[in-house]
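Only one chain is given next, in structure tokens, and it is the form predicted on its own.
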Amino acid sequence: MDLGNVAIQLLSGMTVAGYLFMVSAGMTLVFGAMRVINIAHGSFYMYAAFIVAAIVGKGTGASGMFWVALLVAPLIVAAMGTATEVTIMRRIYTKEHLTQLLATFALFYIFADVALQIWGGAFRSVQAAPVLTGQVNVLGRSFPKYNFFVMGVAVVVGVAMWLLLQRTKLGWRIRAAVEDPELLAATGTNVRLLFTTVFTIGALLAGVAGAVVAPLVSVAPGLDAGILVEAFIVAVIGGLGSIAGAAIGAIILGLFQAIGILWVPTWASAFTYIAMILVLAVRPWGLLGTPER
């Protein structure tokens, strides 16, 4: 087996792991604090990609707007997440899980229809900033420079999330909400505002992933459903509620996909589910998750 080809596939797998981590981190953060699985989480990812495509526009002449789009798109999506939490999500926190799933599933379809009305069904491509285009040599093979940028952003997001959760009062409150929200409320913390903040951060993470991945994919309706399945698998592998677990789960999924492409390309997509089955067979609550009390 060609060593250069192996290296390229592994790096491609780590690129996938990078943006999957950012999406699944937001999903698992919301579940950990609120015990809500947000089916509409993939919509935030798709909207960010569409916003980037709209800002950057067509052709290389507009590529100077790429950095602006990377900043603006996640912020718009975060505001969208805030509005969603205030108007809808906070009304279903105390409902049974089936009601929560149905409500967020309805949101998923509503967001999809709105996106279709705004941007249509055509495929769009995004030109990255010139400094990020081109190829680098890896063991005699060419590899896109932009993929390293995606991996770098994922590392920055991971470090930022660790600092937030471990070194700030907000992080302490989020971790306390995961353990015992009733006790946290008894200490005088505004749990409703905390949940709004957490949901906004979750939407922001999905927005960052969607913005960053826009130059790598064809931006079109359906991005929300595709990313949702993979992000959920990552969160399940790592353990719902664990940010570190999301990082490990994303790496596992990325590597399994790379191995599948190397060994049996026609069955590569099945390796995603094989990874989940193998982990859940050993730890049904995920690698770093905890059994429900």
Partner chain sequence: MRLPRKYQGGKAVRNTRFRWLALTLAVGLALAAMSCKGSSKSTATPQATGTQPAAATGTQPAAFTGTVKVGISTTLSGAIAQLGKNGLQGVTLAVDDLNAKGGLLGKKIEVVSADDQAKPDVGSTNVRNMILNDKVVAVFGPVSSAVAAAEEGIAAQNKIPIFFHTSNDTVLMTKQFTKYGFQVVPNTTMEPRAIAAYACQQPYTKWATIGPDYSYGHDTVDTFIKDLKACKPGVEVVNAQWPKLGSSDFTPYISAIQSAKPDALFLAIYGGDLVTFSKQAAGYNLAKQMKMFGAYSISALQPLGADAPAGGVTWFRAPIYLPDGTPGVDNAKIKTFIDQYHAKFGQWPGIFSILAYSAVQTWADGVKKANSFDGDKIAAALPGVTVSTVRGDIKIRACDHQAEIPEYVGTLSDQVNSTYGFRTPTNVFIGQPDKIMLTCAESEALRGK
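Note that the coordinates shown come from a computational prediction; the quantities given were computed from them, not determined experimentally. Numbering follows the first chain given and starts at 1.
From this point on, the text means the form predicted together with its partner chain, which you will not see here.
For the three marked residues, 69, 154 and 172, no heavy atom of any sits within 4.5 Å of its partner chain in the predicted bound form.
Checked against its partner chain in the predicted bound form, the candidates 252, 244, 55, 262 yield a single residue with a heavy atom inside 4.5 Å, and that residue is 262. This chain lacks the partner; the member of 168, 82, 135, 99 within 4.5 angstroms of its partner chain in the predicted bound form by a non-hydrogen atom is 135. Contact check for residue 116: a heavy atom falls within 4.5 Å of its partner chain in the predicted bound form. Interface membership of residue 65, defined by any non-hydrogen atom within 4.5 Å of its partner chain in the predicted bound form, is ruled out. In the predicted bound form, residue 8 approaches its partner chain with a heavy atom inside 4.5 Å.
Interface residue remark: residue 164 is not counted as part of the site for its partner chain in the predicted bound form, having no heavy atom within 4.5 Å. The chain is drawn here without its partner chain; in the predicted bound form, the stretch among 88-96, 198-206, 72-80, 156-164 whose residues come within 4.5 Å of it by any heavy atom is 88-96. In the predicted bound form, 215, 216, 217, 218, 221, 222 are the residues of 205-222 with at least one heavy atom within 4.5 Å of its partner chain, listed from first to last.
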